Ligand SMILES: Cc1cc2nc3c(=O)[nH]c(=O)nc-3n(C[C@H](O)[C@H](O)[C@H](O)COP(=O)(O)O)c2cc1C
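Here you get one chain, nothing else, as structure tokens; it is the form predicted on its own.
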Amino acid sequence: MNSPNLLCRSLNIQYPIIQAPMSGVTTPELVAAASNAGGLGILGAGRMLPNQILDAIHKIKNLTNHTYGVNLLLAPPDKNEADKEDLFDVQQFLDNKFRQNLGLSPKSNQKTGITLPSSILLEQLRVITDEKVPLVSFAMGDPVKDVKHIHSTGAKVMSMVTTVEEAINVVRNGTDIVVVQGAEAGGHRSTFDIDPDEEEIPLIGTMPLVPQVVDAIKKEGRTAENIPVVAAGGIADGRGLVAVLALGASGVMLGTRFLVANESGAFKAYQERLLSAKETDTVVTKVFTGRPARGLRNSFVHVYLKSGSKPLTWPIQLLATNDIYAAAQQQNNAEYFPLLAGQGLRMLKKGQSAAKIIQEIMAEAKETSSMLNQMLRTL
């Protein structure tokens, strides 16, 4: 593809629009639809078992012959097991405040604790590389140990960062594409090193972070001619695409907009809450999984934060709450589920396919660009 856009040339795609990998909701149908529409779809496989990843890849291959990607999470556990007293307190809190309301059995009276299973990251990656997935995407860490092997299969490596320092590190370590996650983004913060005892984390907005990353990469001698920078966070339409292109990015990654796409795996009540939400309705909190993530305030968030109860560490908090989230999803109950979402909520639209979203964003971007050109000519 002879597109003048670096990201499009690098990935052999038509439009510089990437559908963000979101665990549990990026169905093979959504991934393929985004790629078929000229963008790039990415499967959020961080919480999938290797055989589940294999099945999903096979479905994607049956649905598209265009470039697609698979995403994995690199964040190591904060602890290998939960303190017994802390676990009892949290389970009792979850029993009284949430499980009872969902008709679930209590867990605070269980004698067994929560011990993390062995990491399956290597097995996940083996499936992805064996299947010759064109793009391997990573979040919450630097994939330096795996870059050489991934490149040997002909695949590109994409890394998500939240600071200039993280961007410099992944570029030095061989990453092909850098995704800059601004503070406005939904889902887990991709910050590499998070102190489990600290509440404060870097929250740098997309607009100031993108040009600083672009400039830092240039200083490394890796100019925008060979390292595409992708902006993520609060972008949901063509105006956002034009804005970040002006800042030096080569494209955008959108998550929340695709959560309400027809092909999305987000359950009905989740999508309805997104469509009725406004920009002030999200919060960055550890209560969902033990790691900072941006999501909508609902009963789970409100009760948890008001109580002052401290969540368990990553990812033990997720293991402790999984039954609650599964029941809430099964019951179509958005009050007790992590409604991960970014801040561009008023720009969401109901009933659109992934293809329609991409087409609309590109049409808006061209209209915005034309308008800006006219304005600049008058100066």
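Throughout, we count residues from 1 along the sequence that is shown. Since the model is a prediction, treat every value here as computed from it, not as a measurement.
This next part talks about the form predicted together with the named molecule, which is not shown.
Contact check for G342: a non-hydrogen atom falls within 4.5 Å of the named molecule in the model of the complex. Using a 4.5 angstroms threshold between heavy atoms, G238 stays clear of the named molecule in the model of the complex. Contact check for V303: every heavy atom lies farther than 4.5 Å from the named molecule in the model of the complex. For the chain shown alone, P143 is not a contact residue for the named molecule in the model of the complex, no non-hydrogen atom being within 4.5 angstroms. Exactly one of the stretches 366 to 374, 352 to 360, 21 to 29, 6 to 14 approaches the named molecule in the model of the complex with heavy atoms within 4.5 Å, and it is 21 to 29.
Residue in contact with the named molecule in the model of the complex (any heavy atom within 4.5 Å), chosen from V213, A249, V170, L259: L259. For the candidate set E184, D176, E166, E263, a heavy atom within 4.5 Å of the named molecule in the model of the complex is found for exactly one residue, namely E184. Contacts between 243 to 264 and the named molecule, taken as any heavy atom within 4.5 Å in the model of the complex, involve M253, L254, G255, T256, L259.
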